[in-house]
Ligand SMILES: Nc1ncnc2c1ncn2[C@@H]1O[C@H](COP(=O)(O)OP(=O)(O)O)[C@@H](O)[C@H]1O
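Next comes just one chain, in structure tokens: the form predicted on its own.
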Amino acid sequence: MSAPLLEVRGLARRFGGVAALDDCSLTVRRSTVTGLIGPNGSGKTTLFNVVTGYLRADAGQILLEGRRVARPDPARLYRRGLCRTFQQPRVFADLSVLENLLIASGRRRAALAGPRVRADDRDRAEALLAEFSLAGLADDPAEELSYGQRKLLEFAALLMSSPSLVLLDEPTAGVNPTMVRTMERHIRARHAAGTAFLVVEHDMNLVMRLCDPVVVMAGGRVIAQGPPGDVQADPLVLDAYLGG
């Protein structure tokens, strides 16, 4: 069996006297949409931040495609095919919708205008905007987008790098049911095209129909993982959520 896309071994991270991650281990394999669930404060976003280099681990190892990542750095991981979204979508509000995608392709701000933009970058950006139903807003400032549209723009921008693994941090939080279905459709389409996902999500209906396997965290560590139906019935998971 080939090496997992992502393997986390024994990660630990403390904030003062609080263990946000405590001997946390999990794997994400190719061709999967892996769900990551758990009660608030269970360590899910901290795990994302440590894996992607926004926080330093106190202990443990991170491996990407079987190779240890000694010092995770967001830019280097992006170039290696691992990228992530945030709970609050991060876009360049002062740039146009199209320019947000061109920046994601590696263009500098000074090179966004005129002939210095490569035709293939522009073509790819325009194709993604069409795919995400944002083509009609290409020249609008990103700050004028709705919250849900910003989430779509952030997602589309990540795809400019043709990632192998995308970490989605609550992709449907704060959006209406129509946008939830839209986001699910895009995840499924990209998964069918070969992209793997690790998805933090609180909408259990979405998790159960979209994700397999599902990983459950509580107290900074993984307490269960497996097919969604098995995880849903696991006594440890029920106890973590219901506080029994």
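Keep in mind that what you see is a predicted model, and the values were worked out from it rather than measured. Residue numbers here begin at 1 and follow the sequence given.
Below, we turn to the form predicted in complex with the named molecule, even though it does not appear here.
Asker: Residues N40, K44 and Q87 are flagged as a possible site; in the predicted complex, is every one of them within 4.5 Å of the named molecule by some non-hydrogen atom?
Answerer: Yes, all three are in contact.
Asker: The chain here is shown without the named molecule. Which stretch in 44-52, 25-33, 181-189, 207-215 comes within 4.5 angstroms of it in the predicted complex, by heavy atom distance?
Answerer: Comparing against the named molecule in the predicted complex, the contact stretch is 44-52.
Asker: Does any heavy atom of A20 come within 4.5 Å of a heavy atom of the named molecule in the predicted complex?
Answerer: Looking in the predicted complex, residue contacts with the named molecule include A20, since a heavy atom lies within 4.5 Å.
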